[in-house]
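We give structure tokens for two forms of one protein chain below, kept apart as structure 1 and structure 2.
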Structure 1
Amino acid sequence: MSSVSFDHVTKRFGDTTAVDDLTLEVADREFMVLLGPSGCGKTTALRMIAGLESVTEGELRIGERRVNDVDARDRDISMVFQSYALYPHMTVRKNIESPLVATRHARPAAAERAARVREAADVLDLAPYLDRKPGELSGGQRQRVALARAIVRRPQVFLMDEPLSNLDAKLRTQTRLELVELWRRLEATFIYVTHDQVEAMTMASRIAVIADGRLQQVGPPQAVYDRPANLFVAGFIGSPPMNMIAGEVDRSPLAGPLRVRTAIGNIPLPTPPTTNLHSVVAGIRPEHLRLGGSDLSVEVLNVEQLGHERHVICRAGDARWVVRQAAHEPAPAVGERVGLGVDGASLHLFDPTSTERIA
């Protein structure tokens, strides 16, 4: 059993609260991603699981075992850091083997250590490099050595702290796929920390979004994208991010169909919101806007060509919006005033005071 459970866990550093009343269940064999901006508390949460930081309040469990006071070396976890942290004077083989040699419990026999190293090397395609030193490897290969060193122990839980951040874009994409394949092959619990929402969306079985030390939302990546719980999640998940504008729900029978009135036009509402709030914040994903509509009026500031599509950057009142446009459609001119059509069924509404989602 390799589940991880936070039960009202808080971590303070003096007067600073890094993690605030975190309750989160990570299921056995799940790939959970802790996602949030720098300084939000996600790495502190990971380090508490690893035993590198103490728990100020609450209870932390790995499986059925309470680990608040358990030494880091006795928690049966492996951790991969942002830096590779390899021994430069050792070969790849010795680097991978090092956790088995340094164990404080019964050290595996030499034959078993060799078999485990070979198995880990085969899983991560490192067999040709076992007798090389880290300095002779590329960044991607060194990161794979760090991963092999983690899996050779066969731990209950794998912890990963932004392990791809030092790789270039191509290697990041390749290593993301390798990590997901590794997770499926090992059938282990992975807890992965990142500020990169693309990594979270493409790798996680579930995402836990964290801001200012507090959990904002937990769910499968697509569910979090489709139904963000609050304004923070709506603005953080999505690339380009969701477009936002303040508005007022117009319920007047003389006004015709239900709509949200804004400074740049009216957004149709297919169904009434489940609130009597008058003022709201409307959110619209870039892919749910179309150029040439008559709902809203904006000014084109720039057109970004991306090959398969283009991003049309617009001035929408005091905000800048992004409209996704297919590459084969006619591009608007910079400085042109254009109309936008809105897919009302994909509209998101938020309470401007609580910032929570309105159903």
Structure 2
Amino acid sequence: MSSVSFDHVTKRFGDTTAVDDLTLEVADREFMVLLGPSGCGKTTALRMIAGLESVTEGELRIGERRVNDVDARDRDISMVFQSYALYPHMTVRKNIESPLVATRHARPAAAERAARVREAADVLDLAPYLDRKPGELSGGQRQRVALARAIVRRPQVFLMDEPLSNLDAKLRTQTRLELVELWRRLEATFIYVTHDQVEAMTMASRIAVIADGRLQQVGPPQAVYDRPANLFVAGFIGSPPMNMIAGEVDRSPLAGPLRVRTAIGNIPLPTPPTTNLHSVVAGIRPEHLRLGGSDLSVEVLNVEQLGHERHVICRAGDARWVVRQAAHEPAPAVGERVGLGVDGASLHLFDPTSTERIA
């Protein structure tokens, strides 16, 4: 098992910079999720680790070894592709066995290969399908064959590129769990690419949020959720997303307690912000707003019932806000003007020009 580190790694395709000066340490046995919107460079970063894409600048290491110029076959990694990339003309057994047969390093004897295929197939419940071709399997089964092919070689690092995106919602939830169990059992380093923040939040040891080829923030899921490093992360992580509004910090002692003035009211600040900026962007998560408070005033546009809770969609100045409300509380009427209470301790402040977090 092994760590992976990006040291100021850049990847350019002609004029496009797919990965821009990425520095990231993936620890040994960590489940690292690279999270970001489509086109942000996640796949490219993963493919550089695999050796399917060259590194334009910087240094890439697997363990202690610099791998910039190491052939993909010699990196001791496994990759699960989004399309699964199974060999359609081979049986499931042959597909799983393939890395053991193809290796140009010490090739295990036939008996050992058979035993390892058996073992991988058992881990992923594939034993009954070993003699079928991939074309005769369901999407979920094919996905498991791809995983079995990845684990059979016992690599240092597992790379996965949106492996759940071709599964239906129910299977995705189930497979998420299975992947985490697999990770615990293998005690291996997983690097997992997705654009789905739910996958990232539920599986990751740490999340690396990427936008436009640049790393935005790295940290455990809860830490990233609780203290997003900038406006992008704040808006990207969390569903429904964080509510934002522009405002001014009001410091004049005559005006009463410290607060942020906005177009829809004032948000109290429990402690002075660690900045002398005047203009800020205030962010509040939907669960930190309370209907019936008196800090802000908004108009109810819609009420979405989810059974266990309710999302109240409001017009807040030019923006749409979402307020989370427990199902047992009384629902507001559509069109009604309501007051919102804000817990100042859960307020996020950002610099509108640099978009970085202030407090």
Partner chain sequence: MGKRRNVRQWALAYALLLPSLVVFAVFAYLPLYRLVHFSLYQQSSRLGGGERYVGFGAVWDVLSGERFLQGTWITIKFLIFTVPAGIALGVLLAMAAHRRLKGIKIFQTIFSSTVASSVAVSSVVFLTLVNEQIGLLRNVSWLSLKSPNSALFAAALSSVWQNLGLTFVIVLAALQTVPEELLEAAHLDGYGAVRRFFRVVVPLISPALFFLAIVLVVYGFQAYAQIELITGGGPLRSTETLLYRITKLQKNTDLQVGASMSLGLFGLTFLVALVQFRLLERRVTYGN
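Rigid core here is just the name for the largest C-alpha set that superposes within 1.5 Å across the two forms. All residue numbers here follow the sequence of structure 1, with the first residue given the number 1. All values reported here derive from a predicted model rather than from experimental measurement.
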Q.
I need to confirm something. Of structure 1 and structure 2, which is the form predicted in complex with its partner chain?
A. 2
Q | Did Met90 shift 2 Å or more between structures 1 and 2, C-alpha, core superposed | A | yes
